[in-house]
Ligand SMILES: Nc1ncnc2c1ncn2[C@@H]1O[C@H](COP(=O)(O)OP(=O)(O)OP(=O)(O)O)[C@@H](O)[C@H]1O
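Quick heads-up: it's one chain on its own, the form predicted on its own, in structure tokens.
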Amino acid sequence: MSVLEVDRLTVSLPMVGGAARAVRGISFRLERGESLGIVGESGCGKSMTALALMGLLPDGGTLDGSIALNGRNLRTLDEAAMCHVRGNAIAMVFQEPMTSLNPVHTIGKQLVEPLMLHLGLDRDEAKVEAFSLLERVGLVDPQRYYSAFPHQLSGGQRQRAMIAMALSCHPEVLIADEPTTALDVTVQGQILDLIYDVVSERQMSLIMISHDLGVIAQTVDRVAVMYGGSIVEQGPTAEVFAQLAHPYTQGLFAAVPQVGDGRRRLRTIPGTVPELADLPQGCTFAGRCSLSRESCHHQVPDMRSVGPNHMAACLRLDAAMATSTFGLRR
């Protein structure tokens, strides 16, 4: 049985002109100890997918489909039951820790609370465990960080503290939503290494959300490419990187700067991401795709096989694969 199984997940958000589908019928599985990367431009539905998995949709948001954690459908749980799932079974490292941490409480207080709530530790036991967690994530003076407020820490230190909180109750699934966006390159590498080490050490399943294809190349077993709220391509990372099947995936990879290529103008994907409230009737990428035909604008493409466990949703998949000449060097 898969640790996490998502089936036809759809998230609708209230808009002025009516409900908009921010996530449209996505499906994937995550095995124990496996890592999945979700990539795509801003606004494609990556973070909304993560919030749906955590049961943290914005006010007025509605969810269809199923989310099963160890065979238990999370959609059937009330808020009280979901409070026991969050942090305890599935945890999340948010994109910007400064807006996720409570600014009026110390790091120690925010670490101790889930340990007492979920694991039943008393305050002294929780403090000892909190010190151990802070040391594990590389904050080597735990007393200092335990007593500090979020604003007293650097961006990298806050993200390490956030990771410590996410790990505190030994969750089975860890979601990392662009955890290195606000960090410099050196600290980015340290945080990614830390996440990879603790996930491997505890045999956790990982969902890494990022717009950085280099990060995905280094950290995950499988990758799902999202556009317009849908998964347009997914498969083992090495296979997807070697055979770029969907035109959107090809566009993403073509825009990545390559060391040693000399001076060249970076390729871009023409057009803009469509508004959620005005998504096209057919393929969401049809308006920006050089291979699109009239049918692409009216017919929603199904997933088609590219190779073993490698799928892509494109009506003109054969033509797209025939033009696939650009990959990201791993």
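Residue positions are given as counts along the sequence shown, with the first one as 1. The structure presented is a predicted model; accordingly, all values stated were derived computationally and were not measured.
Not on display, but discussed next: the form predicted together with the named molecule.
Mapping the unseen interface onto this chain, Gly37 falls outside it, with no heavy atom inside 4.5 Å of the named molecule in the model of the complex. At the 4.5 Å threshold, heavy atoms of Ala313 stay clear of the named molecule in the model of the complex, well away from it. Mapping the unseen interface onto this chain, Leu317 falls outside it, with no heavy atom inside 4.5 Å of the named molecule in the model of the complex.
By the criterion of a heavy atom within 4.5 Å, Ser47 is counted among the residues contacting the named molecule in the model of the complex.
Checking 38 to 46, 24 to 32, 291 to 299, 63 to 71 against the named molecule in the model of the complex, the stretch whose residues place heavy atoms within 4.5 Å of it is 38 to 46.
Taking a 4.5 Å heavy atom cutoff to the named molecule in the model of the complex, the contact residue among Gln110, Gln188, Ser205, Gln95 is Gln95. Only one of Glu172, Glu129, Glu178, Glu239 comes within 4.5 Å of the named molecule in the model of the complex through a heavy atom, and that residue is Glu178. Taking the named molecule as positioned in the model of the complex, the residues of 9 to 41 that bring a heavy atom within 4.5 Å of it are, in sequence order, Leu13, Pro14, Met15, Ala22, Glu41.
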